[in-house]
Structures are given as C-alpha cells and as structure tokens.
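A single chain comes next, written as structure tokens; it is the form predicted alone.
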Amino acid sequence: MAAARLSGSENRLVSLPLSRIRVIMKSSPEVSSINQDALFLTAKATELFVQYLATYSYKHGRGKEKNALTYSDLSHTAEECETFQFLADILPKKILASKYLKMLEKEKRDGEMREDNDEAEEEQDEDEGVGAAVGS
C-alpha cells in the first residue's frame, strides 16, 4: 500500500476522485478520520464494483444488441440479480408519469376499499357482541 501514500501515483491507480470519496466517507457521523490506505481501498473497491455492475448489466441486458449500456439494463440487473437487489430502490425501472398516476389512483382506491371493509367488519363485530350480550 506504499503506492497509495504517494499522491502522484495514487491518481493513476484509481479513476475515481479521492477527494470526493473522502467527502462522502466523512459525511458519516461514525467517521472521525480517514486513513489514506482505507481511502484508496474504498476508491478501488467502488471502482471494481461499478465495473462489475456495468459488465454484468451489459452481458445480461440488451446492451449487446445495441452495443450500448442503457439505464434499463442497469435497472433490470438490480431487479433480477440477487447480488444487486440492494440497488433496486436506487435504480428503479422507468415508468411514464401517466402510468405512475394511474398506479397511485389504484392504490388510493384499494386503500379506501380496505378501510371500508375494516369499518364494516368492526360494525359487524360490534353487532355480534351486542346480540350476544342481549341474548344472555
């Protein structure tokens, strides 16, 4: 890790800007100081992860056909591959605004129907309870 301490060669070993990674790491309240080796290793690990995600998405998506990697390839990988499922919230499938609005309306209607059913069940339970009390 001696190479990581040399600022001139450091930039040649990783592609990501170390200053940005340091800022992101320091944004965590648990981090007080960052070792230069830890910074370098985090940068390199991140770089390798992004490379693996891109390669996997390209190979398993439609990128081969178009000779390009698209957002939909990445979101499909995040949704379908167990290794990348933790990215599903960060890389959601794109949908049209009109479809999203229809989904919201449907959820709202379903929620109202559930509330109505819950209220009806509560009233029915109350009626049964009153009937049992009167019958005794």
Partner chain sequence: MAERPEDLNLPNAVITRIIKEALPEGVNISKEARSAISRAASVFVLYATSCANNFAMKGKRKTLNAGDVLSAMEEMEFQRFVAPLKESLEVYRREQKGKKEARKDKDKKADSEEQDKSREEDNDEDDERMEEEEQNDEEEVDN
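Throughout, rigid core stands for the largest set of C-alpha atoms superposing within 1.5 Å between the two forms. Numbering follows the first chain given and starts at 1. Quantities reported herein were computed from a predicted structural model and do not represent experimental measurements.
Here the subject shifts to the form predicted in complex with its partner chain, a form of this protein not shown in this document.
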property	result
Partner contact for residue 48 in the model of the complex: its partner chain, 4.5 angstroms, heavy atom	yes
Heavy atom of residue 23 within 4.5 Å of its partner chain in the model of the complex	yes
Residue contact check: residue 79 to its partner chain in the model of the complex, 4.5 Å heavy atom	no
Partner proximity in the model of the complex: residue 86 to its partner chain, non-hydrogen atom cutoff 4.5 Å	yes
Members of 29-50 lying within 4.5 angstroms of its partner chain, judged by heavy atom, in the model of the complex	30, 31, 32, 33, 34, 35, 36, 37, 38, 40, 41, 42, 44, 45, 46, 47, 48, 49, 50
Large Cα move at residue 45 between this form and the one not shown, threshold 2 Å, rigid core	no
